[in-house]
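Here you get one chain, nothing else, as structure tokens; it is the form predicted alone.
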């Protein structure tokens, strides 16, 4: 590492102002800070110093995503071999899934980081680390059969329209990963819906095993086919078709524990979203008029991408509510709307995406009224004190 550090120090002047490659200063700085902790320090004024910065924050989130990603890779192979009636071992399943998922991750990072680097260079800004997480989230919330060119378009749309037009990392009002999924859902619905998009090769495979179905439980309810739903055991552990990172609720809960322990993810948003979803599920159970409304409320929480959205999407610190009270309201409404859209609108079998995106838009309004309420309460308190004096 010392040799690499010396080499970077040697070529660094070439990328600074007046150097031969000064226009690539942002690109060089991005790679340098990725490899080494920046040596910049504050020299004047008052500053709050903390051991955690954006790079470390993003690193923790990526670590929290690893259990879901690794299980998702194994599940790709497991579902494929199950669909063709072949028994495969642990490593065979994992290696198959790794090879199928790797291109998705590569395309996501190449396209997304390429656009971010271009915008940073054009603006003369530093390249922020925000896309390190988004670039991994996007492949985890899409079907494994998604064509690479379609994924590239979705990533470009999410980065440009969902983030850069607002000013870049920290300025966006919509979660970029969910923006990419929304783009795919509405622009290419054939790649995001149906019972043949969730298992690799199922679309064009003439050798599907008898009795195998690649349908998800939410897809079954949306079409009224509820006779072969997976058990709660399979829903929790993830032995089901679905988006790559959303199937194993156990892996997602491990990630949640990491985020809560490190203070990166808001436990208030997670808990309130679960409570909101549970309350709406129980309410629908009371007024059940069809099989979907009779589906147990607690199982709604482990079906589809509800938990993944709760842990990794709703808690996005940029697009979620910032006030402490606002986090409770924001999370609760995310949970309520997710189950409401999922059950009452058959056109959208999975309501988590739309619920979180909608609440992303209302998060600033929630915070505004919370702050106004706090200000008014303090002003009234000051008036009472002044009158008492």
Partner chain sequence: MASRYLKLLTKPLNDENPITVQVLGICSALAVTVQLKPAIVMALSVTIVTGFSNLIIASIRNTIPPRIRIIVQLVVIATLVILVDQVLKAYMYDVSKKLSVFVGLIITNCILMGRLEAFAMANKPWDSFIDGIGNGIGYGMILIILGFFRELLGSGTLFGYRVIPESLYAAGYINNGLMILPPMALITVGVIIWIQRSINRKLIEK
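Positions refer to the first chain, counted from 1. Everything quoted here is computed from the prediction, not taken from an experiment.
The same protein also exists as the form predicted together with its partner chain; that form is not shown, yet it is the one meant from here on.
Segments offered: 181-189, 262-270, 278-286, 304-312. Contacting its partner chain in the model of the complex at heavy atom distances within 4.5 Å is 181-189.
With the partner omitted here, the residue from 161, 173, 82, 297 that has a non-hydrogen atom within 4.5 angstroms of its partner chain in the model of the complex is 161.
The single contact residue among 292, 237, 157, 117, judged by any heavy atom lying within 4.5 Å of its partner chain in the model of the complex, is 157. Its partner chain is not drawn, but in the model of the complex it has no heavy atom within 4.5 Å of residue 90. In the model of the complex, residue 165 approaches its partner chain with a heavy atom inside 4.5 Å.
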